[in-house]
Ligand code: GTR
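Below you will find one chain, with nothing else, as structure tokens; this is the form predicted on its own, and questions on how it binds or moves follow later.
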Amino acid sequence: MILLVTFLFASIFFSIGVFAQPEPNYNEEAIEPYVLPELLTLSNGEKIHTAEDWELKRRPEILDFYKNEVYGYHPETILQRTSVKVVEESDSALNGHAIRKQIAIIYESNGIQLTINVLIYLPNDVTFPPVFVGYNFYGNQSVINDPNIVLTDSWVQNNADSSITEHRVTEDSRGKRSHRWPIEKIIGEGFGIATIYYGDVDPDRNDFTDGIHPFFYEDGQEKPSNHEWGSISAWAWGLSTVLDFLKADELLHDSSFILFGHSRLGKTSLWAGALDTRFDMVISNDSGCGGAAIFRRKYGETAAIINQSFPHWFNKNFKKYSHNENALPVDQHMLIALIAPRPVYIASAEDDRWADPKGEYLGGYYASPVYELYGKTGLTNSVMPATNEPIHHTIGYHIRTGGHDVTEYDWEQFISFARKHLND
């Protein structure tokens, strides 16, 4: 009888849409009026007028709001890596133009092991080159067709790619995402690149029994508490862990490091860049909701949609803001402002309405007052630029033709932006 009643209630709920995926809004005229949280006003009403007061007072307050209400706190315990192994190294990669290194960062505790595999390419004619650092979606072997790259052995997100079977990669996956990673061009421009499969740190599924989370659990704990980290914060932790290694490498200890991410990993790059000021520059590409886009616009993907589809990305406290974005004590212009005064670049795509290009631009525009405190120039016009007309101020932005992807045009802008600001 109980089972029958439960089934009937579930049927009713599904029929009226309680469990249905919320419908995204793509109509600008349907966006309800909203007021953004004050960027330069403390919770007690005190106004911020200087960069010093921003850093000492307002920035820590905003950062704490994000940790508690959105992405979650990292554990305070420092996890000591067990070992670092050079898996493979060559000084004649890419037809002699590059150094290739493959590193395994290994953690072991209480009978469990986690290995973060880092793939590095560096130009062999540049001393301490600036390095793009970013996650990939399908394993290091997917970024370039190089038979020397070790296949990932981590769980891989299920998708329609026939080269990935039962959540494990095959040889056919080599170079499958090389269009997103123009490594030869990057090397030719004098930059290095370090990439990591994000599933090495935390598999992208609603399961907190694997990945990095269990290393920090207390006795009897099986999942993070309401205020503790979700997957985006775990991935951010992984980026900082990799940066620890890169900054200690003899070929890189005087290099600049440019944090890059696409889509959910663009959300991650912004959060990791806010947490770790050792990253010299931050790039988000098509990051959308939970990334650069303003939550309160509720355009395309929303808090409700993302919490239902990917409940593991944020902490549990964030669930209360589904259909309730106006109650958030923060919005994403504040996330971008946390990166100041370091350069940040926001990239959008014309057909990627899901990621709300206008909301992404406004995230940068409304972050600009903090950059002005440092004498930097952000986005100075509330109106978006035309398609394929990039802005390369300290806050940079472009919207290009096409959809949700990383293209050659994007990388041309990232490289140009990095060269301009790293040489300032």
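Just count from 1 along the sequence shown to find any residue number. Fair warning: this is a prediction, and the values are worked out from it, not measured in the lab.
The same protein also exists as the form predicted together with the named molecule; that form is not shown, yet it is the one meant from here on.
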Counting only non-hydrogen atoms and a 4.5 angstroms cut-off, does S263 reach the named molecule in the predicted complex? yes
Against the named molecule in the predicted complex, would D202 count as a contact residue? Criterion: heavy atoms within 4.5 Å. no
Could you tell me if D331 has a non-hydrogen atom within 4.5 Å of the named molecule in the predicted complex? no
is_contact(E228, the named molecule) in the predicted complex, heavy atom dist at most 4.5 Å: no
Going by heavy atoms within 4.5 Å, which of 187-195, 310-318, 339-347, 126-134 lines up against the named molecule in the predicted complex? 310-318
Partner-contacting position among I149, I306, L94, I103 - heavy atom within 4.5 Å of the named molecule in the predicted complex: I306
Between F245, F208, F215, W354, only one gets a heavy atom within 4.5 angstroms of the named molecule in the predicted complex; which residue is that? W354
Hey, which residues along 266-298 are within 4.5 angstroms of the named molecule in the predicted complex, non-hydrogen atoms only? K267
